[in-house]
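First, one chain by itself in C-alpha cells, the form predicted on its own.
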C-alpha cells in the first residue's frame, strides 16, 4: 500500500517523469492504433514493431551507447524500411500481403537478435540494459529519454488531431477521398510515418516485441463499445492509459519485471471484459438479449393461444392445455405465464388462464400484425396462403408501429386475412 501511495502521489520527480512518459506514449499509440485497426493494417504494425530491433542494435553499434537520438533514428530507419519493403513486394509480386508481412517480420527480427547476440559477446559494459528494448522497462526512462520520446509522442498526437478529418475519410472510403481531391498517397505516407514513429516511441517503455499490442489492442477493445470514431478514439486512449500506467506501476513495485508483458496482460484483461460485457456487442450481453427476445416470443405465442380461445368464446384455457400447445417447454411456458401474470396481461383462477383487458389489447396487436403480414405476402409477393404462416410467425414480433401503419394503408385497412380470419382492430385507434 505504501508503494501504491508513493507511486500515485507523484512526490518523486522520477515517478512523475515515468507516468508522463508512459501516458504520452499510450495516448499516441492508441490514436495511431485506432486508425491502423480500422484500416485493417494491424499486421503491419506488428511487423514494424519487430523490424525496429535491428535499427536499435545498429544505432548502438555506431554510437557506442544508448543515446536516444541514435536509437530513435536507427529504429525509425529500419521500421520505415520494413513498411516500404512490404508495400513494394505486395505491389510488384503475386505474394499475398500477410505472407510478405510474416516474412519481413521474421527476417528483420531475426537480424536484430543476431546483431544483439553479437554485441553481447563483445563484453561492452555500455550494453547493460540494451535487452530492455525487447520487452521494455518504463522505470528506466530518464529525463533525456522523456525529452525525445515525449516530443515524438506529442508530435504524433498533434498531427493526428490536425489531419483527423482527412485520415477519417481515407480510412473509411479511400475512393471518396480521391474523388474529393484529397492527396491520398501523401496522406498514406504521412500515416505510415506516424505508425513507425508510434512504435519507435514505445520501444524503451514497452519493448519492440509487445509494442504492437499497445498499438492495436486498445482499438480492438474500444470497437466493442462504440461504432463512432471519435468515441472509439477516446475509449481506446483511456484503455491504453490504464494499461500503460498499471504496467509502469508493476515495474516500479517489481524492479526485475519488464513493463511490456504487464501492459499486455492488463490490456488483454480489458479486451476480455469488453468482449463479454460491452453494452452493445458483448457476448454475454448478446446472449441475455437473445434469451429475453426468445422469452418474449414465447409469451406472445401464449397470448395468441389465449386470443384464439377468446375468439371462440371460451373462458380462457386450462394451464395443462397451454402446456400441451408447447410440448417439451414446460419450464419456459411456466416462466412466461408468471411474467404475463406480473404484467397484468392474464389472470389465473382454478387453473383457468384468461386474458385481462390489457392482455386482450396486446394479444390483438400481435394477431393483427400476424394476419396483416400474411395478407401482404399473398397480395404483394404472390405467395400461396398456406405458405405464409411461418414467415408471419417470425415477423409479427419485430414489426414496428410505423411499418404496421404502412401495411394497413397499403392493404387499404383490410378486415380479413387470406384464411378469412378477422383482423382484430384496436378500438382506441382510428
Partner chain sequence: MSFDPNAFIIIVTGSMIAISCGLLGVFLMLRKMAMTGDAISHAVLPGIVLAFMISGSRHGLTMVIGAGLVGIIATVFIEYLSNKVKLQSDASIGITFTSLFAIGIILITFLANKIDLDQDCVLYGEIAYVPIDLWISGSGQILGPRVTYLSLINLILVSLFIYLFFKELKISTFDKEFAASIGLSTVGVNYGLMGMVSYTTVSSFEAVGAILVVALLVVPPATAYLWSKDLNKLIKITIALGIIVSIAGYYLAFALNSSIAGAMASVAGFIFFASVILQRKQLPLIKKKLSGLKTAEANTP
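Quantities reported herein were computed from a predicted structural model and do not represent experimental measurements. Basically, rigid core = biggest C-alpha set you can superpose within 1.5 Å across the two forms. Residue numbers count along the first chain shown, from 1.
In what follows, reference is made to the form predicted together with the partner chain, a form of this protein that is not presented.
Review point. If you check 216, 71, 153, 138 against the partner chain in the predicted bound form, which one has a heavy atom within 4.5 Å?
Key: For this set of options, the contacting one is 216.
Point to revise | Listed residue that, although the partner chain is not shown, lies within 4.5 Å of it in the predicted bound form (heavy atoms), from 318, 291, 96, 165 | key: Comparing distances to the partner chain in the predicted bound form, the residue within 4.5 Å is 96.
Check your understanding: Is residue 116 a contact residue for the partner chain in the predicted bound form, using a 4.5 Å heavy atom cut-off?
Key -> Residue-level check for residue 116: yes, a contact with the partner chain.
**Study point:** Non-hydrogen atom contact residue 149 with the partner chain in the predicted bound form at 4.5 angstroms
**Key:** No, residue 149 sits far enough from the partner chain in the predicted bound form that none of its heavy atoms falls within 4.5 Å.
Review point. Using heavy atoms and a 4.5 Å limit, would one call residue 286 a contact residue for the partner chain in the predicted bound form?
Key: Yes, residue 286 sits close enough to the partner chain in the predicted bound form that at least one of its heavy atoms falls within 4.5 Å.
**Study point:** Partner contact for residue 60 in the predicted bound form: the partner chain, 4.5 angstroms, heavy atom
**Key:** It does not: once the partner chain is placed as it appears in the predicted bound form, residue 60 has no heavy atom within 4.5 Å of it.
**Study point:** Residues 310, 340 and 403 all lining the partner chain in the predicted bound form, heavy atom within 4.5 Å
**Key:** None of them does, since no heavy atom lies within 4.5 Å of the partner.
Point to revise | One stretch from 361-369, 374-382, 41-49, 387-395 that, in the predicted bound form, holds residues within 4.5 Å of the partner chain by heavy atom | key: Checking each option against the 4.5 Å cut-off leaves 41-49.
Practice item. Go through 255-289 residue by residue and record those having a heavy atom within 4.5 Å of the partner chain in the predicted bound form; state none if no residue qualifies. Key: Residues within 4.5 Å: 256, 257, 258, 261, 262, 264, 265, 268, 272, 275, 276, 283, 286.
Check your understanding: By the 2 angstroms cut-off, has the C-alpha of residue 109 moved between this form and the one not shown once the rigid core is superposed?
Key -> No.
Point to revise | Is_shifted residue 252 between this form and the one not shown (CA, 2 Å cut-off, rigid core) | key: Where the cores coincide, residue 252 shows only a C-alpha shift between this form and the one not shown that is less than 2 Å.
Review point. Is residue 149 among the residues whose Cα moves by 2 Å or more between this form and the one not shown after superposition of the rigid core?
Key: No, the C-alpha position differs by under 2 Å between this form and the one not shown.
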